[in-house]
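Below sits a lone chain in structure tokens, taken as the form predicted alone.
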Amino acid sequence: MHLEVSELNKHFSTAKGKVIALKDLNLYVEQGEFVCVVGASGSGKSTLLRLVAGLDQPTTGTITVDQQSVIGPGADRGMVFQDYTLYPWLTVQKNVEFGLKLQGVSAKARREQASYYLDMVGLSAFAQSLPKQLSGGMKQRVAIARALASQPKILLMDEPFGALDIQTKETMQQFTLDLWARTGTSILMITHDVREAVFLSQRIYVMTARPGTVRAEIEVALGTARTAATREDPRFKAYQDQVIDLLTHSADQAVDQALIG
């Protein structure tokens, strides 16, 4: 799997005129990589992920998965949102099966595939529960299982733990790392949480303030077997400080430009 985003630009028309959300943005994700994109609110992070998911179209530029242009949603890209997007009237099992049903997978095959991924995320015992009976972390596990059930080439995650309390968030971060190690699925994740990005990713793209583009690409050399102790590693803090400095400098530049304008 190879995701390539090249010279990406996205403009929006508003009552106040044209807004440039993304400008000349370039990034890539290779097979089996865990890559995070960080940036301040309004930097275009979620817009970027919607474009990669095929939920919106770029103004100019290209997005390809294995050299095939992204022109709309596809089974090669699984999506996990912050707000779970589970169907409240369907059981956990049926929620995980939903995408497979849309793809025309037989009832027997989708039951087996959904059950496999529910077991992988540790929720087999809740297969017949409704979403309202689950905690926030459990709902997000269901959403991840549903995205993985279609066996995408890359998993796209848009601030998936942003609504969780700190303890649940850190539990879900460790869970996601363990799941990534077991499945080998490529992951592109959007987050505003610098600490989260350093803990999870092999590479981090730091975005500028609007118009969003890549300010820096940082390789996070902390190994793949990360635990709570990783957060106490001096290198962890060094990476965290580096990203924060880049984000702060970008924000200062945005303020200066606004004052000049």
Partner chain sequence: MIELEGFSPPLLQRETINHKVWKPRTFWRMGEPIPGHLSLGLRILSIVVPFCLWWALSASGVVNPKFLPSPVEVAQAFGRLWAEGYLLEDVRASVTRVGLGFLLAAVLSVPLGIGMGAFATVRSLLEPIMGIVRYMPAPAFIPLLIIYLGLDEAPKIALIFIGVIFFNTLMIMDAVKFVPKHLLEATYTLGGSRRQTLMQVITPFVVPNILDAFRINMASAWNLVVVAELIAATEGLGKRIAIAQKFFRTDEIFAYLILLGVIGFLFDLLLRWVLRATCKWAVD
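Residue numbers count along the first chain shown, from 1. Keep in mind it's a predicted model, so treat the numbers as computed, not measured.
Missing here is the form predicted in complex with the partner chain; even so, the following discussion is about that form.
Proximity to the partner chain in the predicted bound form, defined as a heavy atom within 4.5 Å, singles out one entry of 55, 216, 222, 40, which is 55. In terms of contact with the partner chain in the predicted bound form, the residue from 135, 103, 128, 106 that brings a heavy atom within 4.5 Å is 103. When the partner chain is considered in the predicted bound form, residue 180 lies well away from it, no heavy atom lying within 4.5 Å.
The shortest heavy atom separation between residue 175 and the partner chain in the predicted bound form exceeds 4.5 Å. Although the partner is absent here, residue 116 sits far enough away that none of its heavy atoms falls within 4.5 Å of the partner chain in the predicted bound form. Residue contact with the partner chain in the predicted bound form: residue 121 places no heavy atom within 4.5 Å of it. Comparing 208-216, 229-237, 66-74, 31-39 against the partner chain in the predicted bound form, the single stretch with non-hydrogen atoms within 4.5 angstroms of it is 66-74.
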